[in-house]
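Consider the single chain below, provided in structure tokens and representing the form predicted on its own.
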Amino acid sequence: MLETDRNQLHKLVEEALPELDMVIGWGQSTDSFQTTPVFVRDAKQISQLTLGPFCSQNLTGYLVKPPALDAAPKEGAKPIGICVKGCDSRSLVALIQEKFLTRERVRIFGIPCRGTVDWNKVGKLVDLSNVKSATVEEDVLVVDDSQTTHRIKLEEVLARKCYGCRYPNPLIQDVTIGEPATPRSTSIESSYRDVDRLDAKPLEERLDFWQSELDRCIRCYACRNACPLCVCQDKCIIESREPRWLTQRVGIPEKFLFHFIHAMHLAGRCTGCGECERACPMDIPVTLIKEKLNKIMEERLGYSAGLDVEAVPPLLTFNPGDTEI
């Protein structure tokens, strides 16, 4: 199935490439179990494109971060092609909503997603330093190292975000590769079960949890940099000195403030793509903070980010008659 879908992707990109500036997709990295973003400008590069459960990166951030895609390009500029999974497409919708780019500037290759692999989980079962190859056979991850072959159920090593995914199929696309995927979740309750599990704990335990988790934070800002919707790094208040909001101290209060400022700036905008959590080198579940805000948005305001290009995110407007405020 993956090989068939890959061939279909190559064919569609080959047909579209003459009309595009480039196509942003996933390609095989130096490790057999990793993919890396690739920027296809020539037909000879199309064979680099791949897809499947190893394609974890949300590529939409490349459209609005250096080298930036101009929302109002020069006359005659060609569109840019991009491969998106379901959650990635929601980020694309949000970027269009906020006018960081126009719909006409992108050609979207939609790829139904059946979950992406979390290699932190795999690393707890297999010594990744000895991995020779990694493939997927049906619903099994097959990892070969120098001594043995490990067969791991794919369901056991998916990224945490995937278990509550309600939108595995792209919500916006020009062409679709492969058959539609079945959502793993169909309700708010199942989508936010990790949030509910944490909320069920006493306040003291929740505080201990976040103090323990954020104590590992090294303030590398990988979570901020990986987020497609966090687009103001050059003016980020985290690094501002006039006014000075935060210092470079490494204590828990400073870390708390950074993560909650980051989350609040994404309130009503976060699409749950999980890039912040994937990029974190300290394995901190930072997406949980945004998920809590997303749940509040859905329950109080009936809004979920990245579903409708025409919708206006609640916190980007003001209605004095809103009874929920």
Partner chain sequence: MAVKIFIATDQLDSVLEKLATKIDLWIPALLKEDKSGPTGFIPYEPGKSPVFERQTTLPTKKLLLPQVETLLRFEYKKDPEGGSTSSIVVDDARQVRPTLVFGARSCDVRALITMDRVFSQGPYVDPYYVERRKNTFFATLVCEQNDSKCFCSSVGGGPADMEGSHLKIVKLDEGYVVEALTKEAGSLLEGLGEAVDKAKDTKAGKIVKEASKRIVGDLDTKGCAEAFRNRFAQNDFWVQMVSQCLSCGVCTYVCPTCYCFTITDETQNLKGERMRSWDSCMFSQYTLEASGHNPRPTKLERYRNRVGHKFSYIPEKYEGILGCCGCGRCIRSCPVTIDIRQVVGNLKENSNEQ
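Residue numbers count along the first chain shown, from 1. In this text the structure is predicted, and so the values were computed from the model without any measurement.
Note that the form predicted in complex with its partner chain isn't included here; everything after this is about it.
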{"query": "Candidate site 100, 185 and 304: all three near its partner chain in the predicted complex by heavy atom within 4.5 Å", "finding": "no"}
{"query": "Segment assignment from 88-96, 149-157, 244-252, 164-172: heavy atom within 4.5 Å of its partner chain in the predicted complex", "finding": "244-252"}
{"query": "Residue 130, heavy atom within 4.5 angstroms of its partner chain in the predicted complex", "finding": "yes"}
{"query": "Exercise: residue 298 in contact with its partner chain in the predicted complex, heavy atom 4.5 Å", "finding": "no"}
{"query": "Partner proximity in the predicted complex: residue 47 to its partner chain, non-hydrogen atom cutoff 4.5 Å", "finding": "no"}
{"query": "Touches its partner chain in the predicted complex: residue 219 (any heavy atom, 4.5 Å)", "finding": "yes"}
{"query": "Proximity to its partner chain in the predicted complex, single hit among 176, 190, 135, 120 (heavy atom within 4.5 Å)", "finding": "120"}
{"query": "Within 4.5 Å of its partner chain in the predicted complex: residues from 14-35 (heavy atom criterion)", "finding": "29, 30, 31, 34, 35"}
